[in-house]
Each structure stands twice: as structure tokens, then as C-alpha cells.
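To begin, one chain is listed below as C-alpha cells, in the form predicted on its own.
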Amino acid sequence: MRIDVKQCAALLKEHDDILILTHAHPDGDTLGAGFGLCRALLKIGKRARVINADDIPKKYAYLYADMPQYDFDEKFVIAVDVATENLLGELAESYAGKIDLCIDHHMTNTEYADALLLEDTAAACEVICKVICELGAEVDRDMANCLFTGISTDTGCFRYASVTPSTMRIAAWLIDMGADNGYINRVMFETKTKTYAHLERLALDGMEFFYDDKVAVMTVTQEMYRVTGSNEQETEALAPLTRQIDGVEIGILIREKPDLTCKASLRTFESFNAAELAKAFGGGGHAQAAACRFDCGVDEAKRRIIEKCGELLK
């Protein structure tokens, strides 16, 4: 059932012992949305907590610092920034078919939850901001940091075409509420670990080009993690690099998983729809940023996705 912001806030007010699910391989938007909403629910007297299938990268620790940790049997389950249940990773085994509410901004959402608040915004945290305001929760500095983080990271520090005047107004309001935009943008976009720098060098060295250099493919393997001391948590910044090469229209990052299956992150410009490309392999996302999974090795996944790119480029 589709609902609006007012109905969403009313639903949240009716329930307690609320569990918030964020998507696997968590990024700033899903974490900012999850912890931002959680802080708001705590403010209005609810018990709530956030969980994720994967470890949260250390750079996001400020999102949940000093939050009380409640132990309860959940009575209401929410997914934020999760377009399909399989994006929950291992959490899907426990919660698929049991999600009461989804708050999302992906138009490829499969409507798996009992209630869905879906708005086509640049970041999920824009929708969360509206819900929090409707709840009447006072937005403090910590909450503002969560929400600003989600908006900044999902818009590439406000560089993407998805950014609207509303996006900028909400971001400015969050700065008014105390969001430390300088610190957040520095940590998210300018600070790199030595292990990531080593991984980035190897990934760039191995980048391949296809179809008159219109398609760039970068791969990250388990061996590369071993050699560099890096891990999957540090790969978030790699996908945007694939479309920064002049002439590239479709950028692809393929990451090998420990079980030797893989995930592809897709980045395109306005001439190609990344979500449609991902959909061909059971994934989804946005027009210029999407993802999909492959139950096969890197080489086979690369062959299949390059073949599909060739069909789109005709």
C-alpha cells in the first residue's frame, strides 16, 4: 500500500519497539536515513534501533555515537533506502516478507513492504527529513549530521544531476540545524586510508575499456583485498571513478564477494539509464547510479554485462 508523509508519521506514532533495516554494503544515505530516523523516534519517546547485515565502515561512526542501545523484541520493522528485499543481504533471510514499512526514493522499488512511502528524490534522507518534521521531533546537531551525510553522499557532494532546488534547501536547513558540513564532506570525499589508496591504484591499473572507450570496467577481487589489506567497506568511492574518464558513458565496478559471486555498481550519464541496465540482471537503482548481483564469477559477470552494454550502445 502506498502512503504519504502524513500517513507514514501517523503509522510511526502508533507503534513502538521499532527495528530499522539498512541495505547491505551500507553507504551514507542508508545509514544517514536509518540513524537519522532512529534518533527522531528516540526523541519522541519510542524504542528503536538500527541493524545492517555488514559491518559499518569506521568513517560513519559519528552517525551513531552516544546513541542508547535498546534490547527488545521488534514489533514493527522498517526498511530505509532499500529498493528490493535482496539488497538487505543476510538480513533478508530473517525479514523477507515481514517488513511493515519501507521509506525509499528508488523508483524501481518492488513494493515488498506492507506500507511504502516512495518519493523520487536525490537522497532517501530528503524523504526522512519530511517524515521527521511531520513527527514533530526536534532536529538536533547529531540528527542533522546523519541527514546531511545521506544527502551529501548520495549526490556526490551535490554534483549529480539528481540534485534539485529542494535538495539544496533541505541541506541548507540541516546546516542551520547544526550539521557540520565541512567535517562531513572532508571525511566522505577527501580522506582516504592508506589501504584504500593502494586498492584504488590496483583497480585503476586494471581498468578496461570497451566499445570505443564508451564503457569502462573496473574489477576488485578478493586477492586485491588480501594484497592491499583493504576490504569491501572501502570500495564505495571506486564506482564514481569509472565515469570520470573523458568519453566514458557507462562505468562499471565489479566487486568479487568472499563466496566468489560478485556485485556490479553502475554509473552512467543522462544518455543511458543505469537502472534499466541493472534491471536486466535483477537489480535496480537510479537513472545514473544502480547496482546488481551475479551468482557467478567476475569473468562471467563481466562478459554478460559488457554484452548487454553493447546492445544498449547500438
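All of these numbers come straight from a predicted model, not from anything done at the bench. One-based numbering along the sequence shown.
Just so it is clear, the following notes concern the form predicted in complex with another copy of the chain, a form of the same protein that is not shown.
The contact residue chosen from Glu119, Glu111, Asp213, Glu134 relative to another copy of the chain in the model of the complex is Asp213, the criterion being a non-hydrogen atom within 4.5 angstroms. Out of the listed residues Asp66, Asp55, Glu270, Asp259, Glu270 is the one that sits within 4.5 Å of another copy of the chain in the model of the complex by at least one heavy atom.
Of the heavy atoms in Ala123, none are within 4.5 Å of another copy of the chain in the model of the complex. Interface membership of Lys192, defined by any non-hydrogen atom within 4.5 Å of another copy of the chain in the model of the complex, is confirmed. Although the partner is absent here, Ala280 sits far enough away that none of its heavy atoms falls within 4.5 Å of another copy of the chain in the model of the complex. Among residues of the shown chain, Val163 is one whose heavy atoms approach another copy of the chain to within 4.5 Å in the model of the complex. Of the candidate stretches 22-30, 56-64, 37-45, 262-270, only 262-270 has residues whose heavy atoms lie within 4.5 Å of another copy of the chain in the model of the complex. Along 168-195, these residues reach a heavy atom to within 4.5 Å of another copy of the chain in the model of the complex: Met168, Arg169, Ala171, Ala172, Trp173, Ile175, Asp176, Asn181, Gly182, Asn185, Arg186, Phe189, Glu190, Thr191, Lys192, Thr193, Lys194.
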